[in-house]
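Below sits a lone chain in structure tokens, taken as the form predicted alone.
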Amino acid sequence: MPGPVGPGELRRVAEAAFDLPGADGVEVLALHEWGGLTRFASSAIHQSTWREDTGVRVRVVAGGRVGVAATNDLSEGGAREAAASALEMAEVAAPDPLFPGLAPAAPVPEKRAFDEATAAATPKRRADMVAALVARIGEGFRAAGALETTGTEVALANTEGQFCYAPASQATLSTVVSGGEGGAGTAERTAVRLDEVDPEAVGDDAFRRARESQRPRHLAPGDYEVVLEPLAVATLAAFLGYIGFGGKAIEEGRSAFSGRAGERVAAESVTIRDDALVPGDPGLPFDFEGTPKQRVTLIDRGVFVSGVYDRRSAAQGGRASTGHGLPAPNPEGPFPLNLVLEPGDATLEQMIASTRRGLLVTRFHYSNVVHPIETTITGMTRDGTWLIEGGEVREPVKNLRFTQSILGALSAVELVGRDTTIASEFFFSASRVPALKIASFTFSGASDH
């Protein structure tokens, strides 16, 4: 099985692209990914795969113009060829007067996020964990899902003298349990170490939700109190990060936070940071431009503080990059990849007990943006939604469509959970979030299942 290439070899490959006549600057981003995926359906494994991928992305600056080229050839020759192609593109590109230059040499924080046993997990190890999950599923029900184990290396070198390297590993086990009379339940766990993923707990959680969501009834759409479990909260956090916290959108007036530093935008109990440096959580200690990551407080006790910036958006706003650049070319600008919504002190049971009439929501799916500046998104509930009345969970309900402003929901937060979960929505991203009790959440439609 493949393993890490290592910083020495990746640096050697990257620096082979530096000797490029006609170039004013060269940046090389090298990525190496490998890992296995075991899928299961009807409580039986039906697919086990292994993959390995390499990539080299070269950005060349020449005469105020920039070109980018990529290759899967992780060798000195491959890097040189990509650099030559990037130079050709730069020579015919339009001048870029806003290009802020390549990242200068700077020390990178240490981050331990690689577990060799996880990156090298065998099909048998994954199969044994799937079997342990399936063993927790009761008669008449079936489990479907996947267990993925991955290793990643990212290295960046440039002609300004910057070199960064970090390996990472990740394991994600997710399942949906269905059966009986129309019920379904889901659960998932993500961790840097496979040993931290408990397949029996995942099976128990999903089966409990499936068993308790049998024979759901129709519920009219409208505004309801809600208790959102962490998977649902992660959707809100990820979309808010994508449409709101990016420095480019903020500086160009396209964000809900444009011009609002110091204003209250959420309930006082809401604090959101972007922090890739949390020990034991996913996240790289530098960005894809080679800038060291910073911990950034985005919302502090309900007050908007700042967004996240790459080198270009930082130059637009007269700031320094916070280490949130994405791989070039990147017209979207930066956004946070490691959101942390600070926990509170409430249990899920206390949230339910405080709800007069509302809904307990496991997760959302098919979510999409309706109005970025209003932070309005829409989507459906899925795999477990229940009516709460008089502080008790009464009965399961059929899935509902929501159309809701994220900031509107965060402004109506009444309780914040004390336990947090890691969940991922987008590329290279993972949010750590608790459950939330929200006073009002808009459900705009109902389904028949």
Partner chain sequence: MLEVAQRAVGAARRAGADYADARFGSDETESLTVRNQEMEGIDRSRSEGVGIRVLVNGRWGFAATARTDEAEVERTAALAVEIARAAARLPMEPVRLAEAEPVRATWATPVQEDPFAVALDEKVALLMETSRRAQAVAGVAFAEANLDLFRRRTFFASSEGSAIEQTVVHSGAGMEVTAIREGEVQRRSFPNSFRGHIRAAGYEHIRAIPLTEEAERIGSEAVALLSAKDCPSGETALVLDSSQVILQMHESVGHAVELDRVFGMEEAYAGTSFLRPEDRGRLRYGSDKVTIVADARLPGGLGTFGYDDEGVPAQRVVLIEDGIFQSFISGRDTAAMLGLRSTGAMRADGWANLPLIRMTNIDLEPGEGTLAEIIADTRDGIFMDTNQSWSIDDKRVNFQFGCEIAWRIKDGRLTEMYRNPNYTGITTEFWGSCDAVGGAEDWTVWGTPNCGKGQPGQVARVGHAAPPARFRNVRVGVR
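Just so it is clear, the structure is predicted and the values come from calculations on it, not from any experiment. Numbering follows the first chain given and starts at 1.
A second form of this protein, the form predicted in complex with its partner chain, is not displayed here; the remarks below concern that form.
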Here the chain is shown alone; which of R319, H371, H218, R301 has a heavy atom within 4.5 Å of its partner chain in the predicted bound form?
H371
Which listed residue (S269, T378, S354, S75) meets the criterion of a heavy atom within 4.5 Å of its partner chain in the predicted bound form?
T378
For the three residues A106, E225 and P282, which mark the spot I'm curious about, does each lie within 4.5 Å of its partner chain in the predicted bound form through at least one heavy atom?
no
For R254, is any heavy atom within 4.5 Å of its partner chain in the predicted bound form, or not?
yes
Does its partner chain get within 4.5 angstroms of any non-hydrogen atom of V197 in the predicted bound form?
no
Touches its partner chain in the predicted bound form: P100 (any heavy atom, 4.5 Å)
no
Contact with its partner chain in the predicted bound form for E116, defined as at least one heavy atom pair within 4.5 Å: yes or no?
no
Only one of 385-393, 411-419, 23-31, 46-54 has heavy atoms within 4.5 Å of its partner chain in the predicted bound form; I'd like to know which.
46-54
Using a 4.5 Å heavy atom cutoff, which residues in 131-146 contact its partner chain in the predicted bound form? It's fine if the answer is none.
A131, V134, R142, A144, G145, A146
